[in-house]
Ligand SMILES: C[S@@+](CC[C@H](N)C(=O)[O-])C[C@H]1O[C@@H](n2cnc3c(N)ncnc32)[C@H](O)[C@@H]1O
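Just one chain follows, in the form predicted on its own, and it is written as structure tokens.
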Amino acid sequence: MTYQNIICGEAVETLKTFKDESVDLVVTDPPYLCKYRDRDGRSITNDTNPEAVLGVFPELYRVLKQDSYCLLFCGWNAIAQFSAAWEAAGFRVGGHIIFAKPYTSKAKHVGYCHESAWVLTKGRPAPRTNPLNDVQEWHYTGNKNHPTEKSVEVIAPLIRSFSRPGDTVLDPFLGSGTSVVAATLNGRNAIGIELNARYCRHAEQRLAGVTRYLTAKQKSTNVLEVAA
């Protein structure tokens, strides 16, 4: 059995309570520090607060096990700030994943047609046996529950590629809960931290639905095994 824990709180302070090297993988989509507002005028908590966002890197490095990964979605707008912060914490870049969109989300000097995630390493993880391609398909959620909601179809392949069943996956900027849902569906333990209480409640509801689904699936499997 796996465990899941959603913590409603501030990321840096919450992470300080975690034990050293207690997490196998980090997958997170933090505020991009770009003063984002969507078409409905929704913004992201702490999107104008670099200390609350970049301050997680030393703690993430500490709680991650040696020779492991931190997968970080990050826009180009504040990449200099992000890269300086993760390098100062000890992380190094092991790869860069592009998610190609079939549409343009915004246009200025160029049309914005992709999302990107950085593969950060702590120590020297062994090369993957079947490495994930660094260009992936994008799946749009419609952002109904969160201004920058990622889909399970986007997050799940990352979790499967960079962790093993039974590992513990951490997301310090949980948002609507996609990472804990994807981790749970793929047999991983999951910990999510989210500052916004409304998103915490939504993530808990999603996780409860996944738990019911997995329980029903297991019962069905047990019935079939008995019948056989």
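From 1 onward, residues are counted along the sequence shown. Small disclaimer: the values here were computed from a predicted structure and weren't measured.
The same protein also exists as the form predicted in complex with the ligand; that form is not shown, yet it is the one meant from here on.
In plain terms, the part of the chain that comes close to the ligand in the predicted complex, with a heavy atom within 4.5 Å, is 149-157 out of 149-157, 112-120, 129-137, 77-85.
Interface residue among N196, N186, S161, S68, judged by heavy atoms within 4.5 Å of the ligand in the predicted complex: N196. Put simply, Y32 is close to the ligand in the predicted complex: some heavy atom of it is within 4.5 Å. At a distance threshold of 4.5 angstroms between non-hydrogen atoms, V26 is out of contact with the ligand in the predicted complex. Contact between A190 and the ligand in the predicted complex is not found at the 4.5 Å heavy atom cutoff. Interface residue remark: V169 is not counted as part of the site for the ligand in the predicted complex, having no heavy atom within 4.5 Å. Along 37-62, these residues reach a heavy atom to within 4.5 Å of the ligand in the predicted complex: I44, T45, N46, A52.
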